[in-house]
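For reference, the chain that follows is the form predicted on its own, supplied as structure tokens.
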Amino acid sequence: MDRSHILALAPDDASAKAGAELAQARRWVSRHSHPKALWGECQGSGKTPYLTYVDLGNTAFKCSCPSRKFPCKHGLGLLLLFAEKKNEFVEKSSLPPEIEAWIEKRAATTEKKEQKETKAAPKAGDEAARLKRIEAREKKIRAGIEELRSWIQDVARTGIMNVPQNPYHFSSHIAARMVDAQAAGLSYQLRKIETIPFYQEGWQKSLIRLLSKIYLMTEAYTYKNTLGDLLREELDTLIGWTKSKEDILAQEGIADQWQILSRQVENEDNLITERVWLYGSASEKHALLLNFYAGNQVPEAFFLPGRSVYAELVFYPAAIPQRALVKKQGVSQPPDLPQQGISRTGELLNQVADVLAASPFCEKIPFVLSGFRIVMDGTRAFFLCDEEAIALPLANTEESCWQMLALSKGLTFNCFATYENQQLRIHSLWKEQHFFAGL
């Protein structure tokens, strides 16, 4: 694992910078290595040095420091130092008992979790009672949808000009009502209203687009029996119906060498959401791994952008399948990044039209692009432009756009991007084998 991959594990830029500063032998009282792990003592501001462990098998960290960030700067620093100066470490033929116990406990937990996910759970309860519960929930959802449709119609009649004054109050009641109606997916869509930047010009378009999408979902659900099987299952999931992981994993998967092109970790209300985008080298399919961690749980960061992994993935049913689960997984390997992708804006938009025609509720449409470059217009807005000078606006932050412009030196590059609300969001870019993620 090289420096860029290690720094990609940092929870924020400050941790990455602090970790890089600790990647010096003089900052460590002791440094030890074993094929399975690293460990060392780093002298902090207190009397007792901090004891830091790194599991090399699954890239996990443990440290006695009080930091709540994961990984902390000490774990990053120790791993960086090992990657760049292995000779600074004292090689050990055996692990200390406490580190060996930690690694074995993590391995046992992982194995138990995999067994639980792959083992089909027995059907509980009487079939007639189960059907009755489904019928009762369906009735609650449809009643909630009727209330939501009336609310949207009222909004259309009264107007939206006062929404920016208190966007939370605008939608909080109806969002809570959708939770009561067991339509959590609709509640999630309504909560997005609070994230609209009402301080920016053009917020009206974003709000109307979101309300229109929600209304379209309710219209489709009202007549869902007329839809195709896959689109109906996708719509059920968006509304709030869920399928167990066991049922998904029971399906046949796609085995491929999957390139890890993007990893995003968000923390909101004590819930960590991890999104990992993969691209199959042979299948040329995109896959989204969506994981949730609550409380003190932390992602293990196995899927590192810029690496690849041989795995069998199983996709959730959808008109355009994206979200997937890992059924079988190999070890992380060096990348074999795709060097060819869509190279014309017109071709990209044609594919967007095809996807939305099949799945009008799709929020993010993934693409591997090649031969594009970043340009800026007279208003300092950034665009992704093809060789024919046809461009699409970028959804990345201004800081991120400047960073990508500097990395690419104004020249063409390959990238992984998602099409979102008539804009492109670049997640990673690469030129030959130089890979940059976390943009």
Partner chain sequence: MKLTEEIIKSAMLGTDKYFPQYLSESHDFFAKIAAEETEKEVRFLRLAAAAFIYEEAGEAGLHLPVALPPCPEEKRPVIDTATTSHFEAALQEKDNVLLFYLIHRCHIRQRVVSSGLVTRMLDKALEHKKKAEALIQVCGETGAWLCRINPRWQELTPVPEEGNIWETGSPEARKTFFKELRKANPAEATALLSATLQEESAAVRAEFIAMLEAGLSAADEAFLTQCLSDKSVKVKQIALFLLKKLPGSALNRLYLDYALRVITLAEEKQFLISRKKTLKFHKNLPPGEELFTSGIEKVSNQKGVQDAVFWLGQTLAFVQPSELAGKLGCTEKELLDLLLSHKEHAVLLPYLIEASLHFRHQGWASQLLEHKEVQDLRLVQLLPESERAPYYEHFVSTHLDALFAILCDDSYTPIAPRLAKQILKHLQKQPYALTHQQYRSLTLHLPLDLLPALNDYVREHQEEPNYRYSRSQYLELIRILEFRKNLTN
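Here the rigid core means the biggest group of C-alpha atoms that line up within 1.5 Å when the two forms are laid on top of each other. Note that this is a predicted model, so its numbers are computed, not measured. Positions refer to the first chain, counted from 1.
Heads up, the form predicted together with its partner chain isn't pictured, but that's what we're talking about next.
- prompt: Taking Arg27, Lys85 and Leu405 together, does each of them reach its partner chain in the predicted bound form with some heavy atom inside 4.5 Å?
  reply: Result yes, every residue of the spot touches its partner chain.
task: Would you mind picking the one in Ala282, Met161, Ala108, Ala129 that has a heavy atom within 4.5 Å of its partner chain in the predicted bound form?
output: Of the candidates Ala282, Met161, Ala108, Ala129, Met161 is the one lying within 4.5 Å of its partner chain in the predicted bound form.
field: One residue of Leu230, Ala255, Val179, Ile208 in contact with its partner chain, assessed in the predicted bound form (non-hydrogen atom, 4.5 angstroms)
entry: Here the answer is residue option Ile208.
- request: Using a 4.5 Å heavy atom cut-off, indicate which stretch of 238-246, 329-337, 316-324, 199-207 touches its partner chain in the predicted bound form.
  value: Partner-contacting stretch among the options: 199-207.
- prompt: If you check in the predicted bound form, is Trp430 within 4.5 Å of its partner chain, heavy atoms only?
  reply: Trp430: no, not in contact with its partner chain in the predicted bound form.
field: Interface membership of Leu56, its partner chain in the predicted bound form, 4.5 Å heavy atom rule
entry: Leu56: no, not in contact with its partner chain in the predicted bound form.
query: Does its partner chain come within 4.5 Å of any heavy atom of Arg157 in the predicted bound form?
result: It does: once its partner chain is placed as it appears in the predicted bound form, Arg157 has a heavy atom within 4.5 Å of it.
message: in the predicted bound form, does Pro360 come within 4.5 Å of its partner chain, counting heavy atoms only?
response: Looking in the predicted bound form, residue contacts with its partner chain include Pro360, since a heavy atom lies within 4.5 Å.
field: Sequence-ordered list of residues in 372-410 near its partner chain in the predicted bound form, where near means a heavy atom within 4.5 Å
entry: The stretch touches the partner through Arg373, Ile374, Val375, Met376, Asp377, Arg380, Phe383, Cys385, Glu388, Ala389, Ile390, Ala391, Leu392, Trp402, Gln403, Leu405, Ala406, Leu407, Lys409, Gly410.
query: Superposing on the rigid core, does the Cα of Arg31 end up 2 Å or more away between the shown form and the other one?
result: Shift of 2 Å or more: yes.
- prompt: Superposing on the rigid core, is the CA of Lys47 displaced by 2 Å or more between the shown form and the other one?
  reply: Shift of 2 Å or more: yes.
query: Does superposing the core leave Leu429 with a CA shift of 2 Å or more between the shown form and the other one?
result: Leu429: C-alpha displaced by less than 2 Å between the shown form and the other one.
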